[in-house]
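Next up: a single chain in structure tokens, the form predicted alone.
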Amino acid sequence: MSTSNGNVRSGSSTLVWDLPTRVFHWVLVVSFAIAWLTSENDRFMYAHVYGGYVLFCLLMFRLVWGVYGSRHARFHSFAHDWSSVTEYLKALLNGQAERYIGHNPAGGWAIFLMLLLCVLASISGLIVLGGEEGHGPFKHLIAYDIGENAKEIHEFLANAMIAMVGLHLAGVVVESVIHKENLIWAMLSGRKTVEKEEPSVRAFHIIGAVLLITVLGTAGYYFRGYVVESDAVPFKPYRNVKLADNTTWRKECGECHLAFHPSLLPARSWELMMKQQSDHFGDALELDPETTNEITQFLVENSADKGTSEPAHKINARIKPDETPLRVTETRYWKRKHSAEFVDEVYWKSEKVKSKANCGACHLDANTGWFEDSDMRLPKLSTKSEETPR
């Protein structure tokens, strides 16, 4: 019940958390969960990146809302000094902690730390995306090695964030028990019971609704390709800069099998292969000198040593200097990525695959040489003779 001056009487509930703050909180939870759950498998990188983008944009909104939002959402309302934090924690251990309508001192510091970790994790993620993966706003601006090294920092920050989330949840449970109130429901409804007259904050319904609709709208737009795709026209989320190509190479090599892009083997492998034309895996190439020179030059100039793509870097990094593999399937990186951990044996026996050299059976972009993890789809096993994979 409200008093004549707009305050809420003791024992009544009052609006503490405005709608934008609540939308921010729960969308942040969902976006971080998406990013975390899709972090271990690059096949889901498109979803992982979306979670990261939403996370970053939400943080930018929260920085603004921390200044212009309602009373308890503003940063200065929970920017307690360290002595207040230690006193609160001591009182908490004694079961005598003061009840705060907004964030308590320890909770306020946890919020600031989580926001900082989220910002740093988002920035490091963009560096990894641009350097190692060649996507996002930093593509072509960051070296591969920098992006690869940033990955460890990104993972550390994400793990630190998980630890902070655990502490935050523990704090919510403890405070809910001590003060006999449901803080999770309070963040859903925005309301808390007050023990003295307390004015309700402004709800900001329109801003909260716009924030939520924007997130849902961007999700629909971002993932629209998966909704409209078909077997004939599958969705390939990433469009990379075209790798080097050569008409003669593609014609001569593509007549018998997939024209394996030169970035999949080191220069010495291609040189040796072109010198052994009389025994090219059981066949004789019999290319004339001019054609041989043109193809050899193209292969060497765009080999894995040049590091023009992520597979090129990873394949070349795992080949010892004294090794000269003549098949992509002989490289350590290929064997690791195609082990039983990632690909069930039943697929190799499928009529749709048949051979380990049939890259196009699973990789939608095999002919481009990029081999994006998100463009990899295991074929559907439809015949009676093909068992369902484990």
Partner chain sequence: MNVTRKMFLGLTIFAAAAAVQANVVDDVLKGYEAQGAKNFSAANGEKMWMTDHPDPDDASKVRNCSTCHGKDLRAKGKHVKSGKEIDPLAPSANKERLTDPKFIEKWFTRNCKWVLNRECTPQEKGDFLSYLRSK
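Numbering follows the first chain given and starts at 1. Note that the coordinates shown come from a computational prediction; the quantities given were computed from them, not determined experimentally. Basically, rigid core = biggest C-alpha set you can superpose within 1.5 Å across the two forms.
The discussion below concerns the form predicted together with the partner chain, not included here.
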Looking at the partner chain in the model of the complex, is some heavy atom of each of 322, 329 and 345 within 4.5 Å of it? no
May I ask you to state whether residue 254 is within 4.5 Å of the partner chain in the model of the complex, using heavy atom distances? yes
For residue 82, is any heavy atom within 4.5 Å of the partner chain in the model of the complex, or not? no
The partner chain contact at residue 287 in the model of the complex, heavy atom, 4.5 Å: yes
Indicate whether residue 98 is a 4.5 Å heavy atom neighbour of the partner chain in the model of the complex. no
Based on heavy atom distances of 4.5 Å or less, which listed stretch (116 to 124, 230 to 238, 85 to 93, 256 to 264) is in contact with the partner chain in the model of the complex? 256 to 264
Residue among 283, 145, 195, 152 with a heavy atom within 4.5 Å of the partner chain in the model of the complex: 283
Superposing on the rigid core, do we see a C-alpha displacement of 2 Å or more at residue 280 between the shown form and the other one? yes
Once the two forms are fit on the core, has residue 37 moved its CA by at least 2 Å between the shown form and the other one? no
Look at residue 100 and decide if its Cα position differs by 2 Å or more between the shown form and the other one after superposing on the rigid core. no
